[in-house]
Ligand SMILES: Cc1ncc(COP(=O)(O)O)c(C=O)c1O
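This document opens with one chain alone, in structure tokens, the form predicted on its own.
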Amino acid sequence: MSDEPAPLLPFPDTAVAGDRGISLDGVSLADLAAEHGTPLYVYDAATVTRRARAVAEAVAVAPAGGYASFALKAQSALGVLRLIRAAGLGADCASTGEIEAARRAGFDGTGMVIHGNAKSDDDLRAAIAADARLVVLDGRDEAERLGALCCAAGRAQEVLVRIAPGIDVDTHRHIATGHHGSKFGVTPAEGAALLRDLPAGLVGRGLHVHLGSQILDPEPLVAAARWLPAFAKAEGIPLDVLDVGGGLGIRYTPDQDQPDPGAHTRALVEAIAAVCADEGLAVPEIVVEPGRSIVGTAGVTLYRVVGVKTVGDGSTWVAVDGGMGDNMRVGLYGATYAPVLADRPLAQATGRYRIAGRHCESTDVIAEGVELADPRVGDVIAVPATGAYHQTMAHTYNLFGRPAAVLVEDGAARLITRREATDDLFARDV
């Protein structure tokens, strides 16, 4: 049981509440808002590093070794990626752009895994140019295109095949990916057939599975890890490498659990080793692909209150200077958050409020029914657990520029992404 006050539970590891309100690693959130403006993404380096190291260490001691490749779809700010690389993780990329981000952050091909259900030839060429360790095939058409490119380049590419095992998980249907109707991967039978008959230029190493995202009960993930070795044995296909994906969730509200990514990775390794022993199989090299569980809790988004009004049904809206342009998850998945006032997070609430974004959509709502202490124009609202799938999904609807981002490290903050200016919005127009 944590000793932290409930409002601080979804915040980064270094968060404390003091005279200046919430601070991360000794840096006041209110001061950051004043210096850098809002909306503002704030990332806590200690939280990122601690979680990344825990996963790297847990998978490295697998019987046949293994490694973790961080999913750039969750977070791709170069300043954060450099921390993750330094902690010992590789890069899981799903596009030419993500491959380039990984390279600019200092990753090489050693721990690079390439994903995507509709990889273009440019994506595949970028994977080859980066000397990616593994490409995860999503179907036979892709395998044939990649094989032709590899033959033309005079090289062989190690590959895995992604299968959809039909395992359901308790998450939003829009982020469940392992069911039989998913657009990702192939059926187990198709996957086995593809591994047996790969095009020239490709070397089959094993299987990949990913069941979904924001999974708070890790048992289905462990169940998939147990099932795959037995399946490979029954089909007589190679399993030198087993990639069990990612998907572990985080706490977004104080009442939710906070899974431990290091402990979860150890459980996966143990499950795979146990079933391999039961089946008389050699334990494969194990690959995991954490994303949200590394960076989600490390992030906080700061907004400035620009209006407070009570409407006809008696509810009170608190309008802020950001919204769906910097946080798509509420509109996409009905995601829930636990915002607080940055300078008085533990003050006695005076009512329940609805927090509205500034975009011209009724769905641009950050949170409903939030208990706050008399919010006023000019207050800074801090929304925790925004380190994953926020900056990477940000957009410019209504021609609002995307937020800046700062990294808090060793008691100081530095800008890692500059705010998008109005002129930037028209840089691509001709």
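Don't overthink the numbering: it's just position in the shown sequence, from 1. No experiment lies behind these values; they were computed from the predicted model shown.
Note that the form predicted in complex with this ligand isn't included here; everything after this is about it.
The contact residue chosen from Arg85, Lys119, Arg292, His264 relative to this ligand in the model of the complex is Arg292, the criterion being a non-hydrogen atom within 4.5 angstroms. You can rule out all but one of 274-282, 302-310, 202-210, 125-133: in the model of the complex, only 202-210 has residues with a heavy atom within 4.5 Å of this ligand.
Although the partner is absent here, Gly246 sits close enough that one of its heavy atoms falls within 4.5 Å of this ligand in the model of the complex. Proximity of Arg162 to this ligand in the model of the complex falls within the 4.5 Å heavy atom cutoff.
Using a 4.5 angstroms limit between non-hydrogen atoms, Tyr41 is distant from this ligand in the model of the complex. Looking at Gln214, you'd find a heavy atom of it within 4.5 angstroms of this ligand in the model of the complex. Counting a residue when any of its non-hydrogen atoms is within 4.5 Å of this ligand in the model of the complex, the one hit in 110-127 is His115.
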